[in-house]
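Just the one chain here, the form predicted alone, laid out as structure tokens.
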């Protein structure tokens, strides 16, 4: 996306920020009454946490992993709320989850990325939530599909849910990256631009997948105009039953939250976050080039079997024409792109020639 367009959306997102930022924090999973009470007491000390979060139903990619304690954990949360007076939030993924969570006094519900990706599941949840006054927040779907995210939010609004918000937790990365999920900030900013009345918070824990990056991502989100944060906090992250690597200790969280969270001029933290994003994009470039060269090797095999030369000038001119057109549409220098792709082409030709020569030698010596 062009920087000018991104800046326009950034300005729109900044129009009506929540002040102070909404902070939702707590463990990824409710693991015991003692764990929840310990976290709740520490969160309460900060004076800045509006809701304690804890998952009681955990959607796992593969079976036989910890999937939460379900209704038993809701009983724990209800008791901790009674003792500490901190409202609690939890994730719901089915109609039954909605009824159970509300029965035990959940003060905020959120819908996870997997569920938000399924319009059928969202519609069933929307019907179960019809007319409910409890706030319901929707995480972005796994894929960077703005319409799918907007659709989930619209279904809830049409069901009469009075308070609907959005949670930016990043999008599934399909290549190795320093982050667990790709931030793709522009999609969340576009959602805000399309729906300026909508409150949107960011989840730096799920974006980063690593506690080392949570603080800088949290600051980036606030600087970009997000209305708040959802952060995972655990008394002992190393012993956590889920998402151990991305959870903060209560001390780490207190350190971050004790600082004034406000929009500021770009500084070292923003520079660090941008550099981390650059590292992620660089890894994507390497991944793309590696896969391109694998295809080049397959092409060399086909050319050898067909008796074709490695260099096919007509085909290469078509490639240059296509990439130049695409580059211009995305604000890139045509001269730069032509130089870059010619360099890639030279390396591809060398790889094809070596492959073809190797095949020829095998036949001769065969």
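Predicted, not measured: the structure shown is a model, and the values here were computed from it. Residue numbers count along the first chain shown, from 1.
Heads up, the form predicted in complex with a small molecule isn't pictured, but that's what we're talking about next.
Check: Which of these residues, 149, 253, 76, 110, gets a heavy atom within 4.5 Å of the small molecule in the predicted complex?
Finding: Only one option qualifies, and that one is 110.
Notebook entry, point to check: Of 97, 219, 206, 192, which residue is found within 4.5 angstroms of the small molecule in the predicted complex when only non-hydrogen atoms are counted?
Noted result: None of the others qualify; the residue that does is 206.
Next item on the list: Report the stretch among 208-216, 278-286, 110-118, 158-166 that approaches the small molecule in the predicted complex to within 4.5 Å, counting heavy atoms only.
Entry: Going through the listed ranges, the match is 110-118.
Notebook entry, point to check: Taking 4.5 angstroms as the cut-off for heavy atoms, does residue 49 touch the small molecule in the predicted complex?
Noted result: Contact check for residue 49: no, nothing within 4.5 Å of the small molecule in the predicted complex.
Next item on the list: Classify residue 58 as contacting or not contacting the small molecule in the predicted complex by the rule of any non-hydrogen atom within 4.5 angstroms, answering yes or no.
Entry: Although the small molecule is absent here, residue 58 would touch it in the predicted complex, with heavy atoms inside 4.5 Å.
Margin query: I'd like to know if residue 39 sits close to the small molecule in the predicted complex, meaning any non-hydrogen atom pair within 4.5 angstroms.
Written below: Residue-level check for residue 39: no, no contact with the small molecule.
Check: Taking the shortest heavy atom distance, is residue 28 within 4.5 Å of the small molecule in the predicted complex?
Finding: Yes, residue 28 sits close enough to the small molecule in the predicted complex that at least one of its heavy atoms falls within 4.5 Å.
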